[in-house]
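First, one chain by itself in structure tokens, the form predicted alone.
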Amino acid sequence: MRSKGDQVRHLIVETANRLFYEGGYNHTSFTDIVDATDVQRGNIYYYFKTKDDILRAVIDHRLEVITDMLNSWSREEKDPRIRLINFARMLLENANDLARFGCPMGTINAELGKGQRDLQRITRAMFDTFRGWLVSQYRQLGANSRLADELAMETLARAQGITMVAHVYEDVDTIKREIPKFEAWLRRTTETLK
């Protein structure tokens, strides 16, 4: 069971995570976080001295969620091909949010990559986590290190492309239409690795 302090810190991180995703990091003020959490500004300063400190905690939280999800897929499914399909289907499971707000990883990286590279390097860790996991799946299917990394990057690029276009047009149907094509590409690609 969490202590009261841990609960408050968790509330701040969860709320900031949602605000950064829905409105963007630069468009979310410290006051927005105070108002949304109903935690006094001084109490937030007790845990986080700056908004950048909150961002670091948000990224740590997101990385924990991503890692737990990937570990769960690896435990529950022995076949790396099915795990890769799960990666594509993750977009379907989150289609409404992706169409409305974009990819939580992609949007913050794009935003911070335009003048806040020091912070963008922190947020890139989410991509690095997925990339490493994807490389591992392709390596398990027999790809050498170079090819596994190329396929991991192409997999990430396809997922980001789908979510970006769906977000630009606020069109959930884009995701629903493109995921079967994405899955077909994954099946064809992994068949060549046999």
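All residue numbers refer to positions in the sequence shown, first residue = 1. Given the structure is predicted, the values throughout are model-derived calculations rather than measurements.
Beyond the structure shown, there is the form predicted in complex with a further copy of the same chain, which is absent from this document and is the topic of what follows.
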Looking at D60, E154, D68, D53, which is the one with a non-hydrogen atom within 4.5 Å of a further copy of the same chain in the predicted complex?
E154
Thinking of a further copy of the same chain in the predicted complex, which stretch from 137 to 145, 43 to 51, 124 to 132, 29 to 37 has heavy atoms inside 4.5 Å of it?
124 to 132
Is there a heavy atom of E22 lying 4.5 Å or less from a heavy atom of a further copy of the same chain in the predicted complex?
yes
So, Q116 and a further copy of the same chain: in the predicted complex, are they within 4.5 Å at any heavy atom pair?
yes
Report yes if any heavy atom of T174 sits within 4.5 Å of a heavy atom of a further copy of the same chain in the predicted complex; otherwise report no.
yes
In the predicted complex, does G106 come within 4.5 Å of a further copy of the same chain, counting heavy atoms only?
yes
Going by heavy atoms, what in 156 to 171 lies within 4.5 angstroms of a further copy of the same chain in the predicted complex?
L156, A157, R158, Q160, G161, I162, M164, V165, H167, V168, Y169, E170
